[in-house]
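Just one chain is shown here, as structure tokens, and it is the form predicted alone.
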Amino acid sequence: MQNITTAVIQQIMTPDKSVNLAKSKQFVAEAAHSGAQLVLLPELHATRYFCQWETPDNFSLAEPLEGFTAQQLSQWAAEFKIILIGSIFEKRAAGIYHNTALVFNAEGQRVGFYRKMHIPHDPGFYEKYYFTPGENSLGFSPISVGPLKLGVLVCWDQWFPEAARIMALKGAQLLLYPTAIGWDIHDTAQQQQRQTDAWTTIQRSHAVANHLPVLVANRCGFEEDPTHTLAGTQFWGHSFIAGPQGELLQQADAKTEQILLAEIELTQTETLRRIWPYFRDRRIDAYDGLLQRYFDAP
């Protein structure tokens, strides 16, 4: 496979799961009819972002790997004959839950899944309460869909260059980040711009450092905290598709539900690595310090 037409979905979520899934299906259908061969949905797209608050009641939202949302994704992939990447709140066992991305091929078969490895815990993003980190046995391993290798990661993983690099070293041809990230509504315009620029820059840098295209699907819209402990989150959208030198091929705005489409030339990765051979010149003999847990005190 030399070229692939990709699509990223930016979506507003409601409190009604059936509404969210129906809307996702509509976007997936439109993307497929526009020529997309691979479609990426946002993180935890079946529900509102429930990690704004901590309550045991929210664990009832979780589903097994073969649950209802997964079945819907499988059907859509087969119906529209696309590679589809979706996201679920996975119930693995009693008391063990994951934030999991699922990959389906064009026949609707689940060909792999990735359990989020880096779990944040900040005001409005209380994910450590809900999610067990993915296990090392799965780790940062590309998921094969026929000849294509996908480096699927999830949201907070996008801030860690180590995750992207390992995926690249293991042969990933695309990096994909389903995401749910936004602003505190009290953030100033300047703070919002700084945060969004940082978020875009770090992911474009993964493209540059590894010569890999990057696809990022974020939600948009305001979601309140029903406990009224926090002001709620304005998800900042700005989903994008970047080429293997970090060039923005498509980018969404902050507020609009939309589909981004871009054709990716997969052979460009090898061409660029011949000119800028970062992998050849890595000094892995000098990188032991990366395994330190903490910085040395000054």
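The numbering used is simple: start at 1 and walk along the sequence shown. What you are looking at is a predicted structure, and each value in this text was computed from that prediction instead of being measured.
Although it is not shown, the form predicted in complex with a further copy of the same chain is what the next lines describe.
Q: Is the gap between T229 and a further copy of the same chain in the model of the complex 4.5 Å or less for some heavy atom pair?
A: Although a further copy of the same chain is absent here, T229 would stay clear of it in the model of the complex, with no heavy atoms inside 4.5 Å.
Q: Do H186 and a further copy of the same chain share at least one heavy atom pair within 4.5 Å in the model of the complex?
A: Contact with a further copy of the same chain, no.
Q: Are any of the heavy atoms in E247 no more than 4.5 Å from a heavy atom of a further copy of the same chain in the model of the complex?
A: Looking in the model of the complex, residue contacts with a further copy of the same chain include E247, since a heavy atom lies within 4.5 Å.
Q: Within 4.5 Å, heavy atoms only: does F89 come near a further copy of the same chain in the model of the complex?
A: No.
Q: Just one of 105-113, 208-216, 70-78, 90-98 has residues with a heavy atom within 4.5 Å of a further copy of the same chain in the model of the complex, so point it out.
A: One stretch meets the cut-off, namely 208-216.
Q: Is it true that A168, F279 and R282 each have at least one non-hydrogen atom within 4.5 Å of a further copy of the same chain in the model of the complex?
A: Checking in the model of the complex: A168, F279 and R282 are all within 4.5 Å of a further copy of the same chain.
Q: If you look in the model of the complex, which residues in 181-212 sit within 4.5 Å of a further copy of the same chain (heavy atoms)?
A: Result: I181, R194, Q195, D197, A198, T201, I202, R204, S205, V208, A209.
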